[in-house]
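A lone chain, given as structure tokens: the form predicted on its own.
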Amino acid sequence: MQVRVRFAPSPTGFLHLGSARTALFNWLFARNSGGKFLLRIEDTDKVRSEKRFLDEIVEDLKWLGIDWDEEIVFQSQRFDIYRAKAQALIDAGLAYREGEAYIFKMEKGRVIEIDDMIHGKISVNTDEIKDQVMIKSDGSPAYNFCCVVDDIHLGITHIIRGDDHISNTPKQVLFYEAFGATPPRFGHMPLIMGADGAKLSKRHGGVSVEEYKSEGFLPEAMVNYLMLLGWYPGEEREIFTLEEAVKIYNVKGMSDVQAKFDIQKLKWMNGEYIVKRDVKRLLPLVKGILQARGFDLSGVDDGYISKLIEMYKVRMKTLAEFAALADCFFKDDYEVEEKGAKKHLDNESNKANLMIFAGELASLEEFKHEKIEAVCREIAEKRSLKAGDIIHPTRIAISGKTFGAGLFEMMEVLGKEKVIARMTRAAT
């Protein structure tokens, strides 16, 4: 039997991290087994469903590297089918009408047993379940009913989803039986929680994939991190590709305890991927972030930005950090650290050293970082100073910061004229 799984988002909002993880584990299950991964859009709520959300969900899945087989199914196009299926159950004596609503009669006194792929055996007594609405009075289908109709239509064999659906599963099992169909295997994943153990929300950071994209997280890092939220790959390693995961994925490695989302761990992982990624691939992403943050890149050469990325990529956890780290390379009104300026530029001897350094640099014919460093150290030796007594004031003067890439490399990229002008401005 070929494995057939599906991911069924509702376009009433952006793709949630938890939903992205659900899609990812279903996709891994399908690809590992040589099966099919299908995409169904649950857009029965015509008021709240929006095309902009649908478009973003589709883009986010592609961004994560998740592709699908066969055509996308839209529930909004299948209302007539749901109504016909509901009528068939009424005709079979298993349901009834109540006004415009179609309602399924719940069989009482029965225990529904589910062999969950993650939690093991789950038992529910039907006495705890009331009669189920199939078609609402407004003509729209109820979730548990249309979900089963579609899963039967698509030949779904396995369903991997969040723990919040456990209460739906026995109701759906009864619908499968009513249609004479074999229910798929179910696996319910514990939900993603915040580091404090509470349900993941805005206060823990972004909750949608779109937010992390705009902050400069790489898809490889996001996928890698999501895979480790509730799945053990069978070995003590944390960095691996989607392709590697496909080969080793096994649903038996899924945990039955809640996974905690740790933004610092995600940032660390993202930083690892940034360092490994070629500058040519980072360039368009960094330019997009700079432009989104109001940087004027007209007349700025790609080679110039590429040099900066090479200098700063070991210092970034997200690409969005580049804008703050390297702003001094794009504008003269960069922000200056108040404490750093007070410490290093409120000192008259430091200002004098800045002017001496600037004067020596003015006569430097080849403005390369090795030459610049040699001048700095020579001045320090002549004046019996530590090199830091010159380096720290110079860094604040040319960048406004007390940290960053190598000072002399920064000075080379900025160029002689700009460096001397900033040093002179800071010293006077």
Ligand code: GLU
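The shown structure was predicted, so the numbers you read here are calculated from the model rather than taken from an experiment. Note that residue numbering begins at 1 and tracks the sequence as displayed.
One more form of this protein, predicted in complex with this ligand, exists but is not displayed; see below.
**Q** Only one of R78, K307, H165, K213 comes within 4.5 Å of this ligand in the model of the complex by heavy atoms, so just point that one out.
**A** For this set of options, the contacting one is H165.
**Q** Quick one: of L174, C147, A86, M189, which gets a non-hydrogen atom within 4.5 angstroms of this ligand in the model of the complex?
**A** Of L174, C147, A86, M189, the residue with a heavy atom within 4.5 Å of this ligand in the model of the complex is C147.
**Q** From the candidate stretches 133-141, 157-165, 236-244, 318-326, select the single one in contact with this ligand in the model of the complex, where contact means a heavy atom within 4.5 Å.
**A** The contacting stretch is 157-165.
**Q** Given that the partner is absent here, does R422 sit within 4.5 Å of this ligand in the model of the complex, heavy atoms only?
**A** It does not: once this ligand is placed as it appears in the model of the complex, R422 has no heavy atom within 4.5 Å of it.
**Q** Decide whether D389 counts as a contact residue for this ligand in the model of the complex under a heavy atom distance cut-off of 4.5 Å.
**A** Although this ligand is absent here, D389 would stay clear of it in the model of the complex, with no heavy atoms inside 4.5 Å.
**Q** Evaluate V5 for contact with this ligand in the model of the complex, applying a 4.5 angstroms cut-off between non-hydrogen atoms, and reply yes or no.
**A** No, no contact at 4.5 Å.
**Q** Using the partner position in the model of the complex, report whether E56 sits within 4.5 Å of this ligand, counting heavy atoms only.
**A** Contact with this ligand, no.
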